[in-house]
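As structure tokens, one chain now follows by itself in the form predicted alone.
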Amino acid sequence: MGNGLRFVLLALLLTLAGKPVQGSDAERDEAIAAFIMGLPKTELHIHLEGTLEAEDYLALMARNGRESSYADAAAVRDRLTYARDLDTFIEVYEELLGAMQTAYDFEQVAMTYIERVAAQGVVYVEMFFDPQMHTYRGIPLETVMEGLYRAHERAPVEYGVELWFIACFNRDRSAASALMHLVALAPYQDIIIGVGLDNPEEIGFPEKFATVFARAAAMGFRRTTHLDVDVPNTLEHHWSALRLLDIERIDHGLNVADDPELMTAVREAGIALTACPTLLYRDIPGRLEGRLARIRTLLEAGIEISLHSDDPGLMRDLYVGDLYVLAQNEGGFTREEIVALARNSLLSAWVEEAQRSVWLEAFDAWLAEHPIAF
């Protein structure tokens, strides 16, 4: 029996008047997973370049006639175990994204990702991409955008998933470079709805990019930034980003839980957090537990936090639905907590309120039809 049919059959269990699922532990776990996978949700923290799974990377290298230093997918995954923190992860990330060369590559990478998450309840995606990481290696911005345009057009037609883009500037590059790319992105605002900041979290980066973000706001771009977990000066960076960058969302942001005043400021400003309980290929004791604990703290504090997958291809092939299941399995998240996180993902998306209202109505109807208890 295929996974899709199995989940359809398991979903029939979800009409049992809200009673806990009966049967063996395995049957119960599968029924809960089916509920979580079917729960409507958005993906707001996903990097195009980080969706490359080992097999995808090798296929791109072969299609473009380039020689890989890796004999097979297992060797690529072994390379992924090198990543143990943000800096070493980025080192591997930059190496593997080099396989993307043509507009067709960018289109296919995006569409491969959409195909994978369409089966996990995802109705809408805002996908990060890093223009500087491609133009600096000689790929014209026009090539990147040609591929992304085609994916934007195909995704809702072929999979019923809306796909939009957020251009991220690299914090270890100059503000002048970010501004140059921002201006170059202006013609593509019909599919690029916002800008962000990612890659190495340099000390004092909000001050560095304040002028760039002011220009982005004037151009009509929405604004977010990565604020990574447990890096040096993280709380100072959070406060500076709030003051200087006029951000509307925070990507990661789990250290907000460490500062009660910051939690209050984030909540009162209505700033959403896109949290990623992701797992590197190298096990880091306590990492998952610590992230899930902070996610629960922030959720209980009334902050609009939701779960997202970050770089699933480079992080054990864990997509957004998989991470909701992980939160329930490993963190003991209740049905109410899972539902709240998914609802927050709809609330945090950069869409018109009319569209959000349609989503929320459909969300509530779906819950009424699937009253599983766990």
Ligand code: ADE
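Owing to the predicted nature of the structure, the values given are computational and were not obtained by experimental measurement. Don't overthink the numbering: it's just position in the shown sequence, from 1.
The protein also exists as the form predicted in complex with the ligand; that form is not presented, and the subsequent description refers to it.
- Looking at the partner-bound form in the model of the complex, is Ala175 within 4.5 Å of the ligand by any heavy atom? The answer is no: Ala175 has no heavy atom within 4.5 Å of the ligand.
- Item | Exercise: His134 in contact with the ligand in the model of the complex, heavy atom 4.5 Å | Outside the cut-off, so no.
- Touches the ligand in the model of the complex: Asp56 (any heavy atom, 4.5 Å): No, no contact at 4.5 Å.
- Message: Within 4.5 Å, heavy atoms only: does Asn199 come near the ligand in the model of the complex?
- Response: Within the cut-off, so yes.
- Query: Looking at the ligand in the model of the complex, is some heavy atom of each of Phe89, His226 and Asp311 within 4.5 Å of it?
  - Reply: Checking in the model of the complex: Phe89, His226 and Asp311 are all within 4.5 Å of the ligand.
- Query: Pick from Arg249, Arg291, His152, Arg171: which has a non-hydrogen atom within 4.5 Å of the ligand in the model of the complex?
  - Reply: None of the others qualify; the residue that does is Arg171.
- Query: So which of Ala184, Leu279, Ala265, Ile193 reaches within 4.5 angstroms of the ligand in the model of the complex, heavy atom to heavy atom?
  - Reply: Residue within 4.5 Å of the partner: Leu279.
- Message: Given a 4.5 Å cut-off on heavy atoms, tell me which of 339-347, 29-37, 303-311, 324-332 is the interface stretch with the ligand in the model of the complex.
- Response: It is the stretch 303-311.
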